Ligand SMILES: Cc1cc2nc3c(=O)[nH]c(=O)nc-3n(C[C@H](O)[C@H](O)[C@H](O)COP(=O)(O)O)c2cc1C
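As a starting point, one isolated chain is supplied in structure tokens, in the form predicted alone.
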């Protein structure tokens, strides 16, 4: 009996360690399987430069020993700015502040890596650029020249990120921002080579990836954040997500992070709500690493996802409340303290936890990330 118990204990110990094993994304070596999913800081100056509080935020995340930190989305061109307090990577005057963030992460000597998420806000941007005119929405349909300019701007932004020392870049093709607007029939009603079939709707994303890769080279890590589907709405299916992920893997993408579109009422206890479709995607992409975000809160759920299919587990809001959550998990903590109240995004200066009270049910984007 004692020997059986010892075997069970050993098995549980091995499972509990699987989140703390090192891994690689392309040429980037990562010390553990935790990713801080890109999270809007809402704290830039009007010109898109960072404020000093950014440095403390990212220093604390790195000191918390998160394997990979994905910085909140950066606008690649002025017209793509998604909100007033969004930071940019569009101009040279943005770079000094961004380099400070890179340096403060690397100087913690915790082995945390940091990559830049690059984005165009599309219909949510100051320009309201979108694939098509949309009934009931303020939208400006993009011209061929607009599309080519955005593609080039993604490439320029990625090159800037590499030059100032980021460990990689992530192309934002999720939520309701521009690249995803082209992927879904909810937004893309075009009948030219940038719309119609999935091949046409994915043309923009693949062109952006090709441009980014051409600028940063074959060994610099490039990731994509992708919605798993439009569920519960229609416009982009899990079957289409699988096909896009497969093609990106064939093109040489270094990793994919699976998120989702949905905005519904969800109790904070809900966890891993994108995992079912994420697993379907993982089964189609071979060895390309996959990360999944979406309400991941408790260590047992996180370990289960890692054990079953996920190479990395992405977390957003819990790291706002507990930037040292990875350390706490390592020391035996079982559940994050975050209650998903979303008040962190209403902080007056920079994202921070404003509520230590009981859980509640609020209207929110399910993964809470940008």
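Positions refer to the first chain, counted from 1. In this text the structure is predicted, and so the values were computed from the model without any measurement.
Beyond what is shown, the protein has a form predicted together with this ligand; the following relates to that form.
K.L.:
Mind telling me which stretch in 302-310, 36-44, 49-57, 328-336 gets its heavy atoms within 4.5 Å of this ligand in the predicted bound form?
P.N.:
The contacting stretch is 36-44.
K.L.:
If you check in the predicted bound form, is residue 275 within 4.5 Å of this ligand, heavy atoms only?
P.N.:
No, residue 275 sits far enough from this ligand in the predicted bound form that none of its heavy atoms falls within 4.5 Å.
K.L.:
Does any heavy atom of residue 259 come within 4.5 Å of a heavy atom of this ligand in the predicted bound form?
P.N.:
Yes, residue 259 sits close enough to this ligand in the predicted bound form that at least one of its heavy atoms falls within 4.5 Å.
K.L.:
Is residue 68 close enough to this ligand in the predicted bound form to count, meaning some heavy atom within 4.5 Å?
P.N.:
No, residue 68 stays farther than 4.5 Å from this ligand in the predicted bound form.
K.L.:
Just to confirm, residue 117 within 4.5 Å of this ligand in the predicted bound form by heavy atoms?
P.N.:
Yes, residue 117 lies within 4.5 Å of this ligand in the predicted bound form.
K.L.:
Under a 4.5 angstroms heavy atom criterion, identify the one residue in 255, 241, 183, 293 near this ligand in the predicted bound form.
P.N.:
Contact residue from the list: 293.
K.L.:
If you apply a 4.5 angstroms heavy atom cut-off, which residues in 162-178 are near this ligand in the predicted bound form?
P.N.:
172, 175 sit within 4.5 Å of the partner.
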